[in-house]
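What follows is one chain in structure tokens, specifically the form predicted on its own.
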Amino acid sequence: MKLDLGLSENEEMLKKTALDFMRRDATKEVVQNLQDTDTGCTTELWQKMAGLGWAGIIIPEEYGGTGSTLTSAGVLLEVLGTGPLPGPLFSASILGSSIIMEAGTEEQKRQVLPAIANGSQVVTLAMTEPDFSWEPGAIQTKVSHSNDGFTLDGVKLFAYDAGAATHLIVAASTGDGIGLFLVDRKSEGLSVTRLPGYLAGQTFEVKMDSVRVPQAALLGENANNLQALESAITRSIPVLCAYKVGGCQALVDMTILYSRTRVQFGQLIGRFQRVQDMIIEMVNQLDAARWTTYECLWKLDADRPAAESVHMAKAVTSAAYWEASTLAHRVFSGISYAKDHPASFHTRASRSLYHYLGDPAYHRQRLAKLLTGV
């Protein structure tokens, strides 16, 4: 099978539908208002997205989803990233559903996945802790076992989209490894608090003080689901990268347009070499992000070895989105620092997503180990 990064007819239709949705339902004003909410999404908007089949885009048809490819999910997330439209679509419908598919029993899949697909259940991952790391050894949340279930104690930090969640997938140390527990947001002893700071984005602190969950809350048939968790994260990362590609594209488009209309010193600023240099660098960053992302998605859909490509894509797109937003601010100058300017929306997203599922340094280290075998 030859590498083909072109979009299929169905993917082109999905892209058009998503673009129409963004123009109609996710205007600049909508995106700005959603950033200040704990959920990042209104009930009405979420129901529309679920009605379009997006909440179950990668969930197999037998579980109520549309069974689309990861590339199709990437196409969708890229368009949403142009907003950038916040909300739990990635956290629940991509990462959350992937974890359930990888770790859950057949009974759990049939119970949870259809609810995710129709939008009635929002499942997000709570993994990282005060000693921030994506390595499993940093997980200190404890589990005690009883005859009728489990008790969870610990603190999770930077849990993305936890404010919109109906359920949390909590990674905890079981003694036998890392267990995954599906915890109802309304459980006694569990609290979810949004982290302060403009650049924190949709991240939350999750505290668990003797939170009791039933035996069925443990995903899978044993208390060590580390391999399933890592597999789900690996398959989800390039879809998140596509969201950042969309952000880079939006920044390039708005910056080029501004350079063609803004007059300074008697001429368009796009004629200044320094401005041209910054825009060219933004385009270079966009291209690097786009092609590493879609090559990775193609490999995963074609069932080819993709571990190296996943780490490469995440390292490249996180850095590209950060750099593109920084360069956009330099071209726009003062006006872009206002909170209601679209460039400011992307700066906020690029910073909060930079570390999500591992920052560039983390993925470069993982890539180096794969390449050298050391």
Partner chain sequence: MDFSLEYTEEQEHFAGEVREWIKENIPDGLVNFRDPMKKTREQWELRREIGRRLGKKGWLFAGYPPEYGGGGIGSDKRFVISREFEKVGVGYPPFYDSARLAVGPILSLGTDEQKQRFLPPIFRGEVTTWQLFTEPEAGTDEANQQTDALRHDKEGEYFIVNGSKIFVGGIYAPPNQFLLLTRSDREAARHENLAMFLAPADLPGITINPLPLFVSGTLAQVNGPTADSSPAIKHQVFFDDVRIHESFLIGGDRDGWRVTTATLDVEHGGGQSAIPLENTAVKRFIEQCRSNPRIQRRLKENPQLLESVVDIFISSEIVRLWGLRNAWIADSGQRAPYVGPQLGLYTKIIGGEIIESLARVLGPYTFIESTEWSLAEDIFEVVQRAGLCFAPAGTPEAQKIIISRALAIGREPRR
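Positions refer to the first chain, counted from 1. The model shown is predicted, which means the values in this text are computed figures rather than measured ones.
One more form of this protein, predicted together with the partner chain, exists but is not displayed; see below.
Only one of the listed residues (215, 210, 276, 227) places a non-hydrogen atom within 4.5 angstroms of the partner chain in the predicted bound form, and that residue is 276. Only one of 120, 222, 144, 264 lies close to the partner chain in the predicted bound form, with a heavy atom inside 4.5 Å, and it is 264. The candidate stretches are 82-90, 112-120, 276-284, 175-183, and the one lying within 4.5 Å of the partner chain in the predicted bound form by heavy atoms is 276-284. Contact check for residue 187: no non-hydrogen atom falls within 4.5 Å of the partner chain in the predicted bound form. Under a 4.5 angstroms non-hydrogen atom cutoff, the partner chain in the predicted bound form lacks residue 150 among its neighbouring residues. Interface membership of residue 68, defined by any non-hydrogen atom within 4.5 Å of the partner chain in the predicted bound form, is ruled out. Looking at residue 28, you'd find every heavy atom of it more than 4.5 angstroms from the partner chain in the predicted bound form. Contacts between 101-131 and the partner chain, taken as any heavy atom within 4.5 Å in the predicted bound form, involve 130, 131.
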